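The form predicted alone is given below as one chain in structure tokens.
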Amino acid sequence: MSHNQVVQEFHPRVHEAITNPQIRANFRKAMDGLMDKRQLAFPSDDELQRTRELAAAIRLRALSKLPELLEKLEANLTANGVKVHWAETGDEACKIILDICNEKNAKSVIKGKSMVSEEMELNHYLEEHGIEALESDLGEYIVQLAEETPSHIIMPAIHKNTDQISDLMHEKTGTNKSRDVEYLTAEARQQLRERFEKADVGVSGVNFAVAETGTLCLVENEGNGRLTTTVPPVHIAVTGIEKVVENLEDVAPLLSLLTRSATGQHITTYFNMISSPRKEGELDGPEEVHLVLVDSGRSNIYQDDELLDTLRCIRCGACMNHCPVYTRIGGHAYGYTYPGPIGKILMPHLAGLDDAKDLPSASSLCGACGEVCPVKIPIPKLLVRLREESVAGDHNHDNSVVKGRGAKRKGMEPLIWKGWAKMHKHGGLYRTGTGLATVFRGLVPSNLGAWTNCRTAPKLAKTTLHQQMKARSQNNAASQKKDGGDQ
């Protein structure tokens, strides 16, 4: 789907999701459960706030040294035997991965969960070039069977309930219909295990890239990530440039907040630390390890001191789990790789405001996302900033880093605001304008678009405030004069 199609279908998608009781029930149940688990994972608010302050400081420190840390990461990974590649765009990253696959005559790729690879549309790219790409994460596997995209950055298939998953697996893979989650999970893993053994290349994401040691950290629960990164002879890790941290000790507080904020777990089942290919004498591990560092607009965000906070994100999904908008419409209604609050501030940079102009406005600005963010990203503040950017004028002469700035600024809008400003600068124009508005108040339509679908159109007063104050002053003077005469 092209970005233009996404823009045109945004509001119809939202309407369809809101009126779909199954979608709303699935998300309501899932989000309530995730919010409860997160709350139980942080019994002490003091400890939570201290850890958030520490994590935010770690991410800000890393971002303040980003160019330096990326160079250090590359040097240490290279010294460890990992081959590092740089990609300015998603297409360039896909080409790099394809070249590695072709060099190894690879015909099949097994993938661990990676939102950056979703952002790049890597699966489609490889399939177009004759290479099968299979998702190994259970949620991603279900979404791939359904020929859909993930609806959540942590739980890709959260929009489906057990019955829907059972029907899908029965139709696509021949499993028995069942509501037994353990049976369905075992069947999916059995199907995937055979593919691990045959895959030529494994592709994974990266949660944290440690510059100090040249270590790639991968957080997961199912073991598919470990299989993806050890069984195939070649492992390709792909990540955005912002995932780098300075020291190994920085990982512990970030990991603690990531797992508890995402799923309410104090620690995940697996935490993988990859620093090199298989060494002599080792029994497992890939013969080659590659890291593809993807920019794809992140450098532009880095240029803005305020919008830079967007890059702090550790992809926990807590902002989605607590968002009243996301909970009611789900992830697919947004139409982009990253949905929910984080998607509303990230996608305008990656796709451009000319495509994603509706996202910053798809928020009630209730502030829940900012309150739960483990690294204290001020999401509501950034949403307001992007709303301003979407209607900003003179965008050809501005140093803004946001692509598509001014995309929502309509043809008559600049003239209207110029007239508004001029009227408020000159008292005579203001009094004339407000006076005419009261005289012709009857011409104000009762239908003012979507605003009046559930509201009554405002009615102008018969007299302006100045006229009312003047009349009140005259009445008071007359009353005082009368009272004086009576005495």
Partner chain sequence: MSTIKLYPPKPEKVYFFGTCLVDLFYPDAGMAGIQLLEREGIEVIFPQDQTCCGQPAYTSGYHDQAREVAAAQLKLFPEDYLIVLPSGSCAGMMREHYPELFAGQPEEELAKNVASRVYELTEFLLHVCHIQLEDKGEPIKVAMHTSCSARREMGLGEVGPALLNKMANVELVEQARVKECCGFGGAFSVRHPEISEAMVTDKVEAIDATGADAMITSDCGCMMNITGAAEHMNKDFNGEHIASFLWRRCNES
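Under this definition, the rigid core comprises the largest set of C-alpha atoms superposing within 1.5 Å between the forms. Positions refer to the first chain, counted from 1. Values in this document were obtained by computation on a predicted structure and should not be read as measured data.
There is another form of this protein, the form predicted together with the partner chain, and it is not shown here; the text below is about that form.
Trainee: So the partner chain isn't shown here. In the predicted complex, which residue out of N102, S364, T173, N176 has a non-hydrogen atom within 4.5 Å of it?
Mentor: For this set of options, the contacting one is S364.
Trainee: Looking in the predicted complex, any heavy atom of A407 within 4.5 Å of the partner chain?
Mentor: No - in the predicted complex, heavy atoms of A407 and the partner chain never come within 4.5 Å of each other.
Trainee: Heavy atom to heavy atom, is A133 within 4.5 Å of the partner chain in the predicted complex?
Mentor: Outside the cut-off, so no.
Trainee: I'd like to check something about N475: if you look in the predicted complex, is any of its heavy atoms closer than or equal to 4.5 Å to a heavy atom of the partner chain?
Mentor: Contact check for N475: no, nothing within 4.5 Å of the partner chain in the predicted complex.
Trainee: So in the predicted complex, does I329 come within 4.5 Å of the partner chain, heavy atom to heavy atom?
Mentor: Result yes; I329 sits at the interface with the partner chain in the predicted complex.
Trainee: Using a 4.5 Å cut-off on any heavy atom, which residues of 408-424 would contact the partner chain in the predicted complex?
Mentor: The stretch 408-424, when checked against the partner chain in the predicted complex, contributes R409, E413, P414, W417, K418, W420, A421, H424 at the 4.5 Å heavy-atom cut-off.
Trainee: Core superposed first: is there a CA shift of 2 Å or greater at K470 between this form and the one not shown?
Mentor: Comparing the forms between this form and the one not shown, which are aligned on their rigid core, K470 does shift its C-alpha by 2 Å or more.
Trainee: Quick check on Q39: with the core superposed, does its CA move 2 angstroms or more between this form and the one not shown?
Mentor: No; Q39 is a residue whose C-alpha shifts by less than 2 Å between this form and the one not shown when the cores are overlaid.
Trainee: Answer yes if the CA of K29 moves 2 Å or more between this form and the one not shown after aligning the rigid core, and no otherwise.
Mentor: Where the cores coincide, K29 shows only a C-alpha shift between this form and the one not shown that is less than 2 Å.
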